[in-house]
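First comes one chain, alone, set out as structure tokens in the form predicted alone.
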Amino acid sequence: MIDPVAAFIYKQLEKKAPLPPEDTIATYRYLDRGHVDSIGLIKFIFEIEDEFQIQFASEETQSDEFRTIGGLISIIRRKMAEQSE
């Protein structure tokens, strides 16, 4: 069963274009592949922040981890865990 964070991210990205096979999705570099453009990225970030009630720091959105789907999901989960502490 897919977790809600991953499901949300997949759904948002699939609005733009099909995602790669599941066995490579975690390492898929959605920004480098043009899956989300620079203007779309701002909207994407706001959608994530609104959905999960988190706020990204600029260094997080500029990190290499943020550039992959798996990394983005990890950042979101970490931020959610920090909020629940």
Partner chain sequence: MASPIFSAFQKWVELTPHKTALSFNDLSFTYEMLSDSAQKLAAGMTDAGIKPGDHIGVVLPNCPEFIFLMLAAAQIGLAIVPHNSSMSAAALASAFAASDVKHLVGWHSVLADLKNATISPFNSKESVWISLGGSVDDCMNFSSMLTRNLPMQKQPDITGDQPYIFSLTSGSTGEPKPIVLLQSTKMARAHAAQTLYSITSNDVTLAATPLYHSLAERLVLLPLITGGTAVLMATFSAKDWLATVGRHNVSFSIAVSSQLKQILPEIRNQPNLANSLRCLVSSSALLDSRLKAELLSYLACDFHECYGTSEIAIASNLSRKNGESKLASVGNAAPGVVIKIIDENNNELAADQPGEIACNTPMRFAGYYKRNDLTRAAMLGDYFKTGDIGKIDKDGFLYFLGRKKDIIITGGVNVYPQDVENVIMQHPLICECAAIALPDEQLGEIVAVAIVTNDREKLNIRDLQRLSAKQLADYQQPRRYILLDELPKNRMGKVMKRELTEKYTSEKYDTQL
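Residue numbers count along the first chain shown, from 1. These figures come from a predicted structure and were not determined experimentally.
Absent from the display: the form predicted in complex with its partner chain. The rest refers to it.
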Does residue 14 reach its partner chain in the predicted bound form if we count a contact as any heavy atom within 4.5 Å?
yes
Though only this chain appears here, would residue 56 touch its partner chain in the predicted bound form if you measure heavy atom gaps against 4.5 Å?
yes
Is residue 42 one of the residues lying within 4.5 Å of its partner chain in the predicted bound form, judged by heavy atom distances?
yes
Contacts with its partner chain in the predicted bound form, stretch 15 to 37 (heavy atom within 4.5 Å)
15, 16, 17, 18, 32, 33, 34, 35
